[in-house]
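Coming up is one lone chain in structure tokens, specifically the form predicted on its own.
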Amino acid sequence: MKKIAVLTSGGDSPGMNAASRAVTKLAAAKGTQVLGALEGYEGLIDGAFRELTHVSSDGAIVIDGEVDTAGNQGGTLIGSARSLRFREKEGRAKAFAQLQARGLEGLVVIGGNGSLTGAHAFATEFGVKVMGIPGSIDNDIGCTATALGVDTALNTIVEACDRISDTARAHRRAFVVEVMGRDCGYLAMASAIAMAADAVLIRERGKTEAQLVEDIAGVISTGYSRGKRRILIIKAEGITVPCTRLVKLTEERMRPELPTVEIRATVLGHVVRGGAPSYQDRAVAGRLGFSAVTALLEGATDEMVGWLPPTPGGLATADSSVLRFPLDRVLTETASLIDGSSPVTKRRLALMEKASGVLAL
């Protein structure tokens, strides 16, 4: 291949720039030029590209200096967006025409479930050589143990909760802290264990508003009776009851028992998405990018590279920690992660059930 494109799509995640850098560096080393599609699939449709490599005076293909620097930064240098147009075949046809017009022979897609769904459709409908790299802080992508941004997001949550815990202990208060994770409670579960939180509230347990209030009230009451000064409860975004409403209802429920109870709500929101990628996210991004480009240049298509996959199977790569999976299998496993039928989700929930009695101690 003489020329390929790379795009970042959907919600941004720390490590996307590092993956784009890895893709660009390896491709350049193999004599392949790289263009970045701006704003994800939208740029692909509109023909909005940025040259991530250039030809030096001695004829070598080298990467743009800003791409090299951006690898150490959060966000994504080439932009990201959710594209409604790419969901339609007409939009994908326009994107295919743009690839052909520029002589682009392959595409690397860095993103989550929606992005990989688009990549699969693009490959099957138009025969485009496509490789996917999982990028999602929610860790809700099948056939990979982690996705780009997960580790950085967890570090951000832990740091924020450390700060919240300091003020909580100073005033003997309880905090309900909401973290991101619309369809998957992984961030809440993992950060709750890391923080030794008193409880974790996740969508996967299917509890009603009334049950959630009773759970929170019970944890706070028990904690205070044991002399605790800090009560920390982690709530996943996937629980649709607003954080402030849960706090209000819990205070009303506890007032007869503890008239002076003080509970605070904190929503971390998009703070969790930002920040320079951690060592792990940079390392994983580099190794996934290396394997994705290697496979693409060897003719592979309609696949995703996964890191230490928890699911059996997959095609081996030169990196023993990275396997390749067909995108249709990735998407099937992703759907089962979200609906709770995946063995991975069941194992996570079983672990949290066993840990729930320990967290509050």
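Remember, it's a predicted structure, so these values are computed and weren't measured experimentally. Residue numbers here begin at 1 and follow the sequence given.
Form predicted together with a small molecule: not shown, discussed below.
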Next item on the list: Please name which of the stretches 160 to 168, 147 to 155, 179 to 187, 96 to 104 has residues with heavy atoms lying within 4.5 Å of the small molecule in the predicted complex.
Entry: 179 to 187
Checklist line | Output flag, K25, R282 and D319 jointly within 4.5 Å of the small molecule in the predicted complex, heavy atom basis | finding: no
Check: So which of I233, I137, V109, I141 gets a non-hydrogen atom within 4.5 Å of the small molecule in the predicted complex?
Finding: I137
Next item on the list: Taking 4.5 Å between heavy atoms as the contact cutoff, choose which of R82, R205, R264, R245 touches the small molecule in the predicted complex.
Entry: R82
Margin query: With a cut-off of 4.5 Å between heavy atoms, is E237 one of the residues that contacts the small molecule in the predicted complex?
Written below: yes
Note to self: Can you tell me whether K228 touches the small molecule? I mean in the predicted complex, with a 4.5 angstroms heavy atom cut-off.
What the structure shows: no
Check: Given that the partner is absent here, does H120 sit within 4.5 Å of the small molecule in the predicted complex, heavy atoms only?
Finding: no
Margin query: Quick check on K129: any heavy atom within 4.5 Å of the small molecule in the predicted complex?
Written below: no
